[in-house]
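Starting off, we have a lone chain in the form predicted alone, written out as structure tokens.
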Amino acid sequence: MADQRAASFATRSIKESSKVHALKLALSMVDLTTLEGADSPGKVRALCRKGITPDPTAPDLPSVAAICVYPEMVPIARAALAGSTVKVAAVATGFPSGQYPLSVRLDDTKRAIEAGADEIDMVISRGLFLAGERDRVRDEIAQIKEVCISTSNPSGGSAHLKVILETGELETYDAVRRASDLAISAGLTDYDFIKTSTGKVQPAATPGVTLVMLEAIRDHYLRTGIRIGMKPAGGIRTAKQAIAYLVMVKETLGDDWLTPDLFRFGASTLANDLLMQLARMRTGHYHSPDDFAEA
């Protein structure tokens, strides 16, 4: 039923003028990401330039929401993004496996924030969750959240937390819902997020999984008034897919969630397709994806 409901959002008819708005909105929600062993300062700086000005020929387009990097690259990203609205996100806590001692993960988070991270993308201990040790998982999330609150970045602010469930390893929608509820109940506050995937495990984000997680967010909001954000990550590559996700968010959570503060796409490939579609609508013809590669 979740799959059927999720598939229905891709069938909505959207007017041309609304499509332009949706494409720009989706672009503003992208977390551009580089999480490779070969990441270099130059690569991160190039990604930051693209994040600030996705298409230099169309200065009216919005910047992306954030640049997501490993903790060691946070100072590089922060310097490159200075003066812009783009946030620095760091995948701390032993990403992507989470198979590190809790003390190491806590220190990883603290150092990333002190280096300049505005957001922490943490992975839960899937092994503990699947073994039924859910109180331990909740406690670990709560301790990471406390570090986000108590540690100041160079701007004097705290960091928002995005909790990655790695849904491709959770096996069932029931488990995804239980993990969503558990993460949210671990002390997440307004504008913290739950997130599908690291992008390192398949399947990553799917419409069905995203719908289940959105419904957990909705039910928590109706009980508490707390607005938790959502980030599907991995596997979202086309503008058409992105628009279907925006329709899902609108119909499940309402217009208040149609903002980068509460919805993100973890999909760097998506940005190029959004830019291609916007260029086509502006000029009447398609451009090559290479036209939008990092400078």
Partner chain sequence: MTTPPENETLEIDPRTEDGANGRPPGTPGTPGTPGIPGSTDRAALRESAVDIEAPAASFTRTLNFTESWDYAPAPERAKVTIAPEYAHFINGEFTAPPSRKEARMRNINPANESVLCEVAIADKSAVNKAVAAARAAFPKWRRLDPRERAKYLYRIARRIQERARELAIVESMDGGKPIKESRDIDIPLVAQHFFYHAGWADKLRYAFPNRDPQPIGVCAQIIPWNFPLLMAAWKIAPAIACGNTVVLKPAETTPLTALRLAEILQECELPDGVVNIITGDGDTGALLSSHPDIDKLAFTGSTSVGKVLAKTAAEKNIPITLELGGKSAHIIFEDASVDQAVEGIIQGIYFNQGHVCCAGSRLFVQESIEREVVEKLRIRLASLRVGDPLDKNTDVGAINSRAQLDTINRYLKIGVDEGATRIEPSRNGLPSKGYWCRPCFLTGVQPSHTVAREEIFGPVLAVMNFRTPEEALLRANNTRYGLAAGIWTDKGSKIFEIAGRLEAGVIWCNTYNRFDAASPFGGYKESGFGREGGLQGLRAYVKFD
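Predicted model, so just to flag it, every value in this text is computed and none were measured. Positions refer to the first chain, counted from 1.
We do not show the form predicted in complex with its partner chain, though everything after this point is about it.
Residues within 4.5 angstroms of its partner chain in the predicted complex, judged by any non-hydrogen atom, belong to 245-253 and to none of the other stretches in 46-54, 245-253, 230-238, 32-40. This chain appears without its partner; in the predicted complex, the one residue of T224, Q99, S185, S155 with a heavy atom within 4.5 Å of its partner chain is T224.
Just one of R136, R111, R177, K200 comes within 4.5 Å of its partner chain in the predicted complex, counting any heavy atom, and that one is R177. Its partner chain is not shown here, and in the predicted complex it never comes within 4.5 Å of any heavy atom of A7. With a 4.5 Å cutoff on heavy atoms, L270 does not count as touching its partner chain in the predicted complex; it lies far away.
In the predicted complex, its partner chain sits within 4.5 Å of a heavy atom of L258. By the criterion of a heavy atom within 4.5 Å, M276 is excluded from the residues contacting its partner chain in the predicted complex.
In sequence order, T85, K87 are the residues of 82-103 having a heavy atom within 4.5 Å of its partner chain in the predicted complex; the partner itself is omitted from this view.
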